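Coming up is one lone chain in structure tokens, specifically the form predicted on its own.
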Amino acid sequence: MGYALVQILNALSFSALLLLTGLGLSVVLSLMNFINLAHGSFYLLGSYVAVYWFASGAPWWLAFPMAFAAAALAGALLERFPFRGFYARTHLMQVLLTYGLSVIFADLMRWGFGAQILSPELPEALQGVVFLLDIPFPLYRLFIIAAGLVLGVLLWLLLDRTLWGAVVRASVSDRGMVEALGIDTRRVFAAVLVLSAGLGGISGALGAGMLAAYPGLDEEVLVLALITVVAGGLGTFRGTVAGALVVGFALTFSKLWFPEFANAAAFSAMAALLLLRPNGLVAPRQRQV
């Protein structure tokens, strides 16, 4: 019983990272209809920021807002150029642009941070284990679960329960009408992309203590985030949550039961799910007129 509980918590901690990364990707895709394959670069940047911040001796909790700020700044610069000129272009053009940028950023980070695997020195407050039915479980993973839950709820409240969130949704539905009311939709979309990049950065900072930081991690995370968003259902918050749980549990338990074929087993399950439910686990609601 205790062993099963530990594995479930392992899956939940991984799902929390997938949730934050997937939400950052889904926000831009669903609200702006923009495919950003450079999102994994924001995650890796946040991981590197956390690794060096923990080693600096500064207050450890500032690593997460700093990772958010660093990735958000990178997102703001990219939004002004070249992303803004590609919002109205086809998805193929967006894919070519953002994938090319991700390759450039990967080389820049390899040049700036090195090619070795970097693991952060966790602060004393997050070190150690807790015993669950006499089985030790890392305290840091419980912290990831709690942080993922809190940040997920805050993002849901921001997008669904605030005036700013209503403006964002309205800008997507009828941009001309919103601009007629005197609202600059370019700033609205810029804020959405900055928020998305910041979410990638903070998820990378959280994940550094579990997955470390190394070249190539950005591509791995991007693939998992894409699977999470598509499997859960494009355009829905609940879909991203469901997708994160399914992918997190599938990967965790496939590595436990089929270690030699873990990725093949997990991704085969995802493919079967998409064949059965092409619109994802939670399909977006369609308005009928």
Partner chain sequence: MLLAHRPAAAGLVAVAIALPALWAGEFHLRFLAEILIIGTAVMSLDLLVGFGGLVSLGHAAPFGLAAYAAAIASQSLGGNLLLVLPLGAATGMAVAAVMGAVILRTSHLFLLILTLLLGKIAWEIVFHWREVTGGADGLRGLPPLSLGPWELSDARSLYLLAAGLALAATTAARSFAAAPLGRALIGIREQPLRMTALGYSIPRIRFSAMLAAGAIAGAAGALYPFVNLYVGPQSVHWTLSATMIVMLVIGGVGSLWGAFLGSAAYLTVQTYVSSYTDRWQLFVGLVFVLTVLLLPAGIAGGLRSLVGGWAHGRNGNDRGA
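Positions refer to the first chain, counted from 1. For clarity, every value in this text was computed on a predicted model and none was experimentally measured.
Only in words, not in the display: the form predicted together with its partner chain, which the text now covers.
Asker: Name the stretch, out of 116-124, 182-190, 86-94, 137-145, where some heavy atom lies within 4.5 Å of its partner chain in the predicted bound form.
Answerer: This holds for exactly one stretch, 86-94.
Asker: Taking any heavy atom pair closer than or equal to 4.5 Å as contact, tell me whether residue 169 reaches its partner chain in the predicted bound form.
Answerer: Output for residue 169 is no: heavy atoms all beyond 4.5 Å of its partner chain.
Asker: Examine residue 131 and determine whether its closest non-hydrogen atom to its partner chain in the predicted bound form is within 4.5 angstroms.
Answerer: It does not: once its partner chain is placed as it appears in the predicted bound form, residue 131 has no heavy atom within 4.5 Å of it.
Asker: Give a yes or no for residue 261: in the predicted bound form, does one of its heavy atoms lie within 4.5 Å of a heavy atom belonging to its partner chain?
Answerer: Residue 261: contacts its partner chain in the predicted bound form.
Asker: Using 4.5 Å between non-hydrogen atoms, is residue 175 touching its partner chain in the predicted bound form?
Answerer: Residue-level check for residue 175: no, no contact with its partner chain.
Asker: Which one of 104, 149, 77, 158 is close to its partner chain in the predicted bound form, taking close to mean a heavy atom within 4.5 Å?
Answerer: Here the answer is residue option 104.
Asker: Going through 259-280 from first to last, which residues have a non-hydrogen atom within 4.5 Å of its partner chain in the predicted bound form?
Answerer: Heavy-atom contacts within 4.5 Å come from 260, 261, 263, 264, 267, 268, 270, 271, 274, 275, 278, 279, 280.
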